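What follows is one chain in structure tokens, specifically the form predicted on its own.
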């Protein structure tokens, strides 16, 4: 059963296309990773799902079905009732996402008071326990402090605690462990995996860290230029990526089981600005397999392992 189904999502800023025809599904208890370079549209896709697009950005097409309800058609008051209870998001910028005037313990406890109707004392106790679980030392003392009194890494853990405390049905995590050291990162990833396994939470994980994808996700969705270019189960997709972009993306990761040979691989060029999207396949200007056929838009073929490419890679490296 699918809990979240994004179908042909399109987001624009005026006449400018930012996200174009994105489709993905996440089932209860499943972790799906959304990967790609900066500027590929990952965070915009997440914010569209949550109904949190900035002013000037608009969902212009497609549906975001959550448990059979199109979130893009809901009024703000109904969306607000879902956020923090059924839907939770860990944002990329924790310092700017926390209220600087409210103690962090109260911010973590808020969803329990508002949505679960717990008493303030019960919610405060649960918040302290959740702060402990995300690796914050002296959680009872830290709970009384303001975000400005904590480090960036601690604020990141506070955001994670606030998102996980209500055991949401859908969790969107946008680069959740970027500011954390490897020990705390492992702790957070374990917490998220436990939430998916024990509570049946559907997790959409946005990350550039392929190691995190391999460890946590069951399926992966690769984005480039505001579009999905490849998606499928993690193990076969990592073993034999079919889109040239996915293959290059994986080649940029140094491997510990192979000797280092000179400089690390880098994809030539940069992700184009939405003002200058290439016609047809948006990766064609950086692709060594491009041909005249690529001036048309390739469709994402159906199947368990999908790829949008006129010249998919057939042979594993």
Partner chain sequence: METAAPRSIRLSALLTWWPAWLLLALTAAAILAPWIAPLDPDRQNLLARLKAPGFEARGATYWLGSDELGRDILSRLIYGARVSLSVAVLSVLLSGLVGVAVGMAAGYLRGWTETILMRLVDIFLSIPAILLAIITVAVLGPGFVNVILVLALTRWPRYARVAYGQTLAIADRPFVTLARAMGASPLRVLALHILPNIIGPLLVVATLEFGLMVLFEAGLSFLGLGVQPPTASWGSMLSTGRNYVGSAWWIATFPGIALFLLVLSANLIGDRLVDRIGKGR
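These figures come from a predicted structure and were not determined experimentally. Positions refer to the first chain, counted from 1. Here, rigid core means the biggest group of C-alpha atoms that superpose within 1.5 Å across both forms.
Just so it is clear, the following notes concern the form predicted together with its partner chain, a form of the same protein that is not shown.
- At the 4.5 Å threshold, heavy atoms of residue 111 reach its partner chain in the model of the complex.
- Residue contact check for residue 51: one or more of its heavy atoms lie within 4.5 Å of its partner chain in the model of the complex.
- In the model of the complex, residue 142 stays away from its partner chain, with no heavy atom inside 4.5 Å.
- In the model of the complex, its partner chain sits within 4.5 Å of a heavy atom belonging to residue 84.
- None of 243-251, 84-92, 188-196, 122-130 except one has non-hydrogen atoms within 4.5 angstroms of its partner chain in the model of the complex; the exception is 84-92.
- With the partner omitted from this view, the residue of 202, 237, 216, 162 that lies near its partner chain in the model of the complex is 162 [heavy atom within 4.5 Å].
- For the residues 223, 98, 220, 180, the 4.5 Å heavy atom test against its partner chain in the model of the complex is passed only by 98.
- Core-superposed comparison between this form and the one not shown: the CA of residue 106 stays below a 2 Å shift.
- Residue displacement note: residue 169 has its CA displaced by under 2 Å between this form and the one not shown (rigid core superposed).
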